[in-house]
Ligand code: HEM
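Next up: a single chain in structure tokens, the form predicted on its own.
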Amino acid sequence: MSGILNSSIGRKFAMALSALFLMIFLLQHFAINLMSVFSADTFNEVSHFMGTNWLIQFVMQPILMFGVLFHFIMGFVLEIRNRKARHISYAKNNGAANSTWMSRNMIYSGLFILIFLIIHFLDFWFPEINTKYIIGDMSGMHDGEFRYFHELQEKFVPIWRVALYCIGFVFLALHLLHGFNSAFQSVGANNKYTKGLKGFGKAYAILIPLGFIVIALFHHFNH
């Protein structure tokens, strides 16, 4: 593993795999949150299953945490190395003419997403861990009803939090617009399906963050 990460191609390949893994998780996370728009009971039941199933909690969740940390750390490492490598070439060529704004600013969109994730963890993950493993309440109940839907709505009452989430998902869309295609290129997906993958990547990068924005706005205005 260390040998792979010591090469430029190996680092990009590992970065791409972690990106694809996180995209799959993001789609699953969106699907669960979308249930809260259509059925509070279904959202509560699925949330309780996800929050108490031992396989998800003690196997998949640690893998996800590792994937998030790995992706951000590797992203910063690649960005620092790329900036050093481009320092001389930028003096000879116009970097803006040879790359998109999104590709040149992935580090900044990534930093904002990292800050957004920390806030998201403070809003949802840490209170959930405290309730289940510190307080010791695994029932998921409050006043005789599942608490998940109510807690979700409560978080989106303050307009400042809704605005922050909307901005965060705009940055996520910008990050994904470049990152999706870059990930597939890094793993060698350059064939007759490339055009279709690029189209799918653009749709994913726009529709998934937009869907999260709609969910946040829905709960803000329907509390």
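Since the model is a prediction, treat every value here as computed from it, not as a measurement. In this text, residue numbers run from 1 along the sequence as written.
Keep in mind that the form predicted in complex with the ligand is missing from the display, and what follows is about it.
Colleague: When the contact criterion is heavy atoms within 4.5 Å, does Leu26 count as touching the ligand in the model of the complex?
Modeller: Close contact exists here: in the model of the complex, Leu26 approaches the ligand to within 4.5 Å, heavy atoms only.
Colleague: Indicate whether the ligand has at least one heavy atom within 4.5 Å of a heavy atom of Gly140 in the model of the complex.
Modeller: So Gly140 does not count as contacting the ligand.
Colleague: Considering non-hydrogen atoms and a 4.5 Å limit, does the ligand approach Arg147 in the model of the complex?
Modeller: Residue-level check for Arg147: no, no contact with the ligand.
Colleague: May I ask you to check whether Phe156 falls inside a 4.5 Å heavy atom distance of the ligand in the model of the complex?
Modeller: Looking in the model of the complex, residue contacts with the ligand do not include Phe156, since no heavy atom lies within 4.5 Å.
Colleague: Please pick, from Thr52, Thr194, Ser182, Gln61, the one residue with any non-hydrogen atom lying within 4.5 angstroms of the ligand in the model of the complex.
Modeller: Contact check passes for Ser182.
Colleague: Counting only heavy atoms and a 4.5 Å cut-off, does the ligand in the model of the complex sit next to every one of Phe43, Leu152 and His219?
Modeller: No, none of Phe43, Leu152 and His219 comes within 4.5 Å of the ligand in the model of the complex.
Colleague: Scan 203 to 223 and write down, in order along the chain, each residue with a heavy atom lying within 4.5 Å of the ligand in the model of the complex.
Modeller: Read in sequence order, no residue approaches the ligand (within 4.5 Å, in the model of the complex).
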